[in-house]
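As a starting point, one isolated chain is supplied in structure tokens, in the form predicted on its own.
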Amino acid sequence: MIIGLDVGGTNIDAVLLKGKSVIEVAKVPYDPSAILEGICEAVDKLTRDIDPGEVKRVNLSTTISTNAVLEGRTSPVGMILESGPGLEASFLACGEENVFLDGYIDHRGQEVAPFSENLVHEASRRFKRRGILAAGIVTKFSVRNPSHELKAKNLLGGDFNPVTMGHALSGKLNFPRRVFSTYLNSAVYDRFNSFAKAIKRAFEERGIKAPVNVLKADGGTMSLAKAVSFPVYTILSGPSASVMGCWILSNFSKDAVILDIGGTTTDISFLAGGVPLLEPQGINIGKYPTLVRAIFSYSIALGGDSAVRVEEGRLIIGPRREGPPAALGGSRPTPTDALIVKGQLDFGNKKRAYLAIKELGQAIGMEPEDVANLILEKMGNMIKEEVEGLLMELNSRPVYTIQELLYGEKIKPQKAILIGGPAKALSSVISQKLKIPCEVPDNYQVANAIGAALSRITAEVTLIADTAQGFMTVPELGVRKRIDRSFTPEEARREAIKLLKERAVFLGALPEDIETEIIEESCFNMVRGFYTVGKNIRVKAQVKPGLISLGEEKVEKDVESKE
């Protein structure tokens, strides 16, 4: 059996799967001050009728790292940066203390100048004076040669934890994004580490000794134990859970728009040829551009529980959620209350919902039923405008999916796939506004938890070979070793796949879930004078995002029968 957990802004959704069947579901209201307690309550509901020892895997998506960044609840970080000549690096200062080294490694990975060791010792003293325990080290072109980062870490000694090195996070060449990714990784480390320890302890107390994996932003997972070293990968894992859930449940092979309509927000994503879109350069987290690969998702402050009010004779929805719907004791009317008035949802105190909508109507001279229609029409128009704007932006640039670059393709959604609590009730108005059919798959209310449950562990490596220098580097693994001048692209591909499989197993993947592919490859001759002196070879390989072996068949059983 597998447990899938998705910690959202309104609810913690949980599912228990056996093979392809949904055995049990649970929803627990989200309380940011008691996240662990909510997760434990959901797990207790799932396992009340089974032996917890039967659970073989737990996959969860979590907001712990995202919220830490957005709410400013991060640890202070000391940053050691080396930018080399030609770049004013002060704009990259992001830590509470920032020290700039005077060395340089060039774009081919050759050391041009060593850095002064005294600068690292000075950094250590400054960090300690400020009570800073977390550090980040980033040198330009460390993906070609990480020696300066490794040396600086050794000079710091064992007085700091964590010490994140930029080359270990990504093999991409983008110094500013690597700096910010490194900073965030160290900044959220303590908070994520405490969460991981508490989760492990809580599960063990319940007799659940299965491996626990956490969803990454790219739609794959990694073991919770390994995620402690790279918590930045778990930022924005929630939207990826939603997209993976839709991908699993809809099985649609054409372009589509995905709408995850929650209580607080609506997340908008897309399928291109039936495959989720990817943000290949990395996502922005708060004010920081990063190298964190992620499934494309855009959130708007519009959900079933968004507060509705009248201002200057106009109906306004959101952007805030000011508590539950009036039908559940809230102080403000919401789109959920409008759906209850229209008879499209059936729960809570219908009289309270009616009176809340009626009060809005009195302010603008409309009957309650007409106000309810107006709220849903306005909600549909808001979603339509956002979808059209995103499509215009996406179609103006290359289209990347989680598996490939689609050359010259334009996204033209043939269907809207809706999940989340109000999905079924809102499907008709969304279909009307977008002028395409709407699909609300079975298990739509817990699709995000299913997406988390069945996503497999992913990994990527970047191999860079310079035959003129005689070195091969794999920055994510800290590998730098000698090669001879005859090293070929074919050898590079084989070596990349071999190292990728080893990394996937290290992250917790089972052999049957490792499906590898080369996603980028280039080879250039290096010429000096009139002679070719070597080749520059670059190969990027990944474990394809997808479903674990157990989930290859379509998930069955409609959970509505359990509610």
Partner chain sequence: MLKAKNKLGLVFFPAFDWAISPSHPEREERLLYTLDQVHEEGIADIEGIKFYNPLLADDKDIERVHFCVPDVPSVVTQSHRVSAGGAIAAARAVLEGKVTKAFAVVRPPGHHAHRVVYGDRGFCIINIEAIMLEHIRSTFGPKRVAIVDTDCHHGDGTQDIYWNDKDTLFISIHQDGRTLYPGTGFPDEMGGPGAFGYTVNIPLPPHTGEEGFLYVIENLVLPIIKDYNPDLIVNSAGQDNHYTDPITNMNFTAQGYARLTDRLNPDIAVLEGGYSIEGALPYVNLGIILALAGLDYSHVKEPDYDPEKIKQPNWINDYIKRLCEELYQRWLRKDDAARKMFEGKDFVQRKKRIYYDTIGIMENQEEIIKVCKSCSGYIVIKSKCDLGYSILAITIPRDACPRCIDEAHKTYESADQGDYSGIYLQDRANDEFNIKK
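Basically, rigid core = biggest C-alpha set you can superpose within 1.5 Å across the two forms. Only a predicted model underlies this, so the values are computations on that prediction, with no experimental measurement involved. Residue numbers count along the first chain shown, from 1.
A second form of this protein, the form predicted together with its partner chain, is not displayed here; the remarks below concern that form.
Enquirer: Can you confirm whether Phe230, Tyr298 and Lys540, the three residues that make up this candidate site, all sit within 4.5 Å of its partner chain in the model of the complex, judged by heavy atoms?
Expert: Not one of the three qualifies.
Enquirer: Have a look at 414-422, 84-92, 435-443, 489-497 and name the one stretch with heavy atoms inside 4.5 Å of its partner chain in the model of the complex.
Expert: The contacting stretch is 84-92.
Enquirer: Select from the listed residues Thr462, Asn145, Thr458, Thr401 the one whose heavy atoms reach within 4.5 Å of its partner chain in the model of the complex.
Expert: Contact residue from the list: Thr401.
Enquirer: Which of Phe115, Phe192, Phe141, Phe127 has a heavy atom within 4.5 Å of its partner chain in the model of the complex?
Expert: Going through each option in turn, the one that passes is Phe141.
Enquirer: I'd like to know if Trp247 sits close to its partner chain in the model of the complex, meaning any non-hydrogen atom pair within 4.5 angstroms.
Expert: Answer no; every heavy atom of Trp247 is more than 4.5 Å from its partner chain in the model of the complex.
Enquirer: Is there any non-hydrogen atom of Phe180 lying within 4.5 Å of its partner chain in the model of the complex?
Expert: Result yes; Phe180 sits at the interface with its partner chain in the model of the complex.
Enquirer: Please determine whether Lys384 contacts its partner chain in the model of the complex, using a 4.5 Å cut-off between heavy atoms.
Expert: No.
Enquirer: When the contact criterion is heavy atoms within 4.5 Å, does Leu328 count as touching its partner chain in the model of the complex?
Expert: Flag for Leu328 set to no.
Enquirer: Give, in sequence order, every residue of 97-123 that has a heavy atom within 4.5 Å of its partner chain in the model of the complex, or say none if there are no such residues.
Expert: The stretch 97-123, when checked against its partner chain in the model of the complex, contributes Tyr104, Asp106, His107, Arg108, Gln110, Val112 at the 4.5 Å heavy-atom cut-off.
Enquirer: When the two forms are laid on each other by their rigid core, does Glu96 show a Cα shift of 2 Å or more between the shown form and the other one?
Expert: After core superposition, the displacement of the Glu96 C-alpha between the shown form and the other one stays below 2 Å, so no.
Enquirer: Once both forms sit on the same rigid core, is the C-alpha displacement of Glu279 at or above 2 Å between the shown form and the other one?
Expert: No.
Enquirer: Verify the C-alpha shift of Leu119 between the shown form and the other one: is it 2 Å or more after superposing the core?
Expert: Where the cores coincide, Leu119 shows only a C-alpha shift between the shown form and the other one that is less than 2 Å.
Enquirer: In the model of the complex, the Cα separation between Pro489 and Tyr400 changes by 3 Å or more relative to the shown form; did it shrink or grow?
Expert: Closer, not farther.
Enquirer: Relative to what we see here, could you say if Arg538 and Gly408 have their Cα atoms closer or farther apart in the model of the complex, with a change of 3 Å or more?
Expert: Nearer in the model of the complex, by 3 Å or more.
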